[in-house]
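Just one chain follows, in the form predicted on its own, and it is written as structure tokens.
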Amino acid sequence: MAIPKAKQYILDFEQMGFGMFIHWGLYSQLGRGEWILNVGKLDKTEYEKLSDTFTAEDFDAEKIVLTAKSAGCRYITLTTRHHEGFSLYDTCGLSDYDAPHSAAHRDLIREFVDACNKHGIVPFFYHTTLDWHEKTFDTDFDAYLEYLRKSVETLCKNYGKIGGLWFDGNWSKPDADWKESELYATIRKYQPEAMIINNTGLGARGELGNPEIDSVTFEQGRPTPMNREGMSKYVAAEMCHTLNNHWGIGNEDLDYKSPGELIKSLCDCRKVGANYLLNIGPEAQGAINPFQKELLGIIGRWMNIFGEAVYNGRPCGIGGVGSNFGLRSTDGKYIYLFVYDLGSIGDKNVTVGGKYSGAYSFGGVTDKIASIEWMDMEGNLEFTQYGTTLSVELTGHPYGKSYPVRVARATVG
């Protein structure tokens, strides 16, 4: 069966490849994760008083955007409203439970969008569909859905062109009629080329819902290859991960992933054509935790060398031993060979991993290869090609250098 032709804005989304997710709200002042109101069974009235101390004095949208850009991210998805019901944007009279009515007295989404536009980063809006604050969510669901629709309409009308909307919460009422078509029609009216994404939750990774959905999600998991044959439209894929075990900041969550693990996760996503959306949780008043910033900085150093392969590489059926794989560039000029956990060249007494040299084979290579070189250094690699198998003599890392994933660029010709 034929694969449907992709709309340009979906292809543009795939080209971004790597994005930053940001979970920040009233809950950040407690430092116990974004679900603490529900999980901690806190008193709602007392919790909502956090609005009176939410100054956002450390929230510098430009610094955050530049941090994302230096990490190699091309888009940012920010929680405009999370399940607690508090909005970081001016709801224009829909509710007083928003940033302009808090101690911040600012439209924080306006600042975010302006900073993104200034520095060439695409702004995306996360918006909850589950709401613990709005009483009509439990008492008059139709009225609540109209409140939700008007909230999204405000975001679509007041901030210029955006990259998309990322919804989360329909899983809370799996049997309800969420009137998604009405919600998505509102988005298409004002933002016809915005990506529409609705998180299917931990228990339904990769599932496709309403026909207007433009990307499936893989929350805290691993993406699987998309089989688009027979689909009514071309749909993208995106995997979202946390740096530790919480989305909103957990002051006592010290179980951070290593830079190597995060880089491998990014590559695992691109292996199957999915985007990687990596989350940070700013501190109480909006500052980025220094350790989180440094993790992103290390990823950025890797992206400065190998980012071309991440942005421009697409799945093409090339596989290698273990996790190794190959991607073809969008213009067809290159094959990018991703090699995991490559050893190093050096004296066995001083170099972890010892001396390495040897042939690695990649199958499914239908292009004639003219030359191959590492993207981090000059000099051609020796190779042989027979049938659809490519065997490359992959030299190890020079002493003083080591990458969790190293990429070689093969020129087609």
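These figures come from a predicted structure and were not determined experimentally. One rule holds for the numbers: they count along the sequence shown, beginning at 1.
Another form, the form predicted in complex with a small molecule, is not on view; read the next lines as being about it.
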Original post:
From the list 256, 171, 291, 190, which entry has a heavy atom within 4.5 Å of the small molecule in the predicted complex?
Top reply: 171
Original post:
Here the chain is shown alone; which of 264, 74, 149, 83 has a heavy atom within 4.5 Å of the small molecule in the predicted complex?
Top reply: 83
Original post:
Can you check whether residue 335 is within 4.5 Å of the small molecule in the predicted complex, heavy atom basis?
Top reply: no
Original post:
Is there a heavy atom of residue 21 no more than 4.5 Å from a heavy atom of the small molecule in the predicted complex?
Top reply: yes
Subject >> residue 155 within 4.5 Å of the small molecule in the predicted complex, heavy atoms >> reply: no
Original post:
With the cut-off set at 4.5 Å between non-hydrogen atoms, does residue 199 touch the small molecule in the predicted complex?
Top reply: yes
Original post:
In terms of non-hydrogen atoms within 4.5 angstroms, which of the given stretches 108-116, 95-103, 283-291, 162-170 touches the small molecule in the predicted complex?
Top reply: 162-170
